[in-house]
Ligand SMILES: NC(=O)c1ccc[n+]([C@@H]2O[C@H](COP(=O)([O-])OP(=O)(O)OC[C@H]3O[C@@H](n4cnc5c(N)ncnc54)[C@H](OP(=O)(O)O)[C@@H]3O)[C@@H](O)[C@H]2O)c1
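Below sits a lone chain in structure tokens, taken as the form predicted on its own.
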């Protein structure tokens, strides 16, 4: 099967490339000229240099693909318009190119995010039929990408996958928290339990591959997540145990995090760097529940998460240590 993966050099994208190659796919990875290709070194795949913001650069790789897995996106940006230019209009560009030059492709899989739906109302895990209410520019841009994909369902066989927080080897988002734990500190936001769905990258990749290969997935949207949800307290306790540290638990008032976010944005405006913490991120962090129900993916695709939280965190810690990240 000839497969195109956009964002192939990224955290999830590179793991997806590994999985597809192991299944015998002929993989082309769409990357930019400036992309860091360390996770693709030595792999038997073709590289296509292009950018979702440049439709002309997408024509040749899209023409040759039987399945497109679209993962190219930005999760952090200094300017809010960057989210919409890449995540929304970039997706629209790729859809238009595929519809014009390769309308007979077997599947177009858009990897979206739980952020496109927003936090869980009343602590109930979100299902695919629930109304979406994103609370950040990242989430809103991903929802617009989903809506763009829906507009092409009469011309392309489109499937949407929505992962929650994804972790595992090569991930840099949770790495920040692991480094804080190494300093023997375990900060928790507020004084109430906060729950989340979290998924090891191997399980996310399993869901993405199933979406691309299953005939039943055409025109559908699916949540994927780990074997169970957890609280931030349990997650960070598991992380600390895997690292062999006994950190001091500190409860941070929500207002303090919001104030820190304001100063983080102000500092970033002078350094011209993307802030680790901004007001939108603080708003997302302050929500009580970010959970989703993967039942539909289980019933229709045979999706079965196989990596326990303890196993996944332990593997991630071992990998971070091996490459010198912690």
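Bear in mind that the values here come from a model prediction, so they are computed numbers and not experimental data. Positions refer to the first chain, counted from 1.
What follows is about the form predicted in complex with the ligand, which we do not show.
J.: Contact check in the model of the complex: 8, 163 and 166 versus the ligand, with a cutoff of 4.5 Å between any heavy atoms. Do all three pass?
T.: Every residue of the candidate spot has a heavy atom within 4.5 Å of the ligand in the model of the complex.
J.: Using a 4.5 Å heavy atom cut-off, which of 106-114, 249-257, 177-185, 213-221 contacts the ligand in the model of the complex?
T.: After filtering at 4.5 Å, what remains is 106-114.
J.: Please tell me whether any heavy atom belonging to residue 35 falls inside 4.5 Å of a heavy atom of the ligand, as the geometry stands in the model of the complex.
T.: Yes.
J.: Can residue 13 be called a contact residue for the ligand in the model of the complex at 4.5 Å between heavy atoms?
T.: Output for residue 13 is yes: heavy atoms within 4.5 Å of the ligand.
J.: Does any part of residue 86 reach within 4.5 Å of the ligand in the model of the complex? Heavy atoms only, please.
T.: Close contact exists here: in the model of the complex, residue 86 approaches the ligand to within 4.5 Å, heavy atoms only.
J.: Verify the contact flag for residue 52: yes if a non-hydrogen atom of it lies within 4.5 Å of a non-hydrogen atom of the ligand in the model of the complex, no if not.
T.: Yes, residue 52 is a contact residue.
J.: The ligand isn't shown here, but in the model of the complex which of 99, 132, 150, 74 has a heavy atom within 4.5 Å of it?
T.: Looking at 99, 132, 150, 74 one by one, just 74 meets the 4.5 Å heavy-atom criterion.
J.: In sequence order, which positions of 113-143 have a non-hydrogen atom within 4.5 Å of the ligand in the model of the complex?
T.: Contacting residues: 113, 138, 142.
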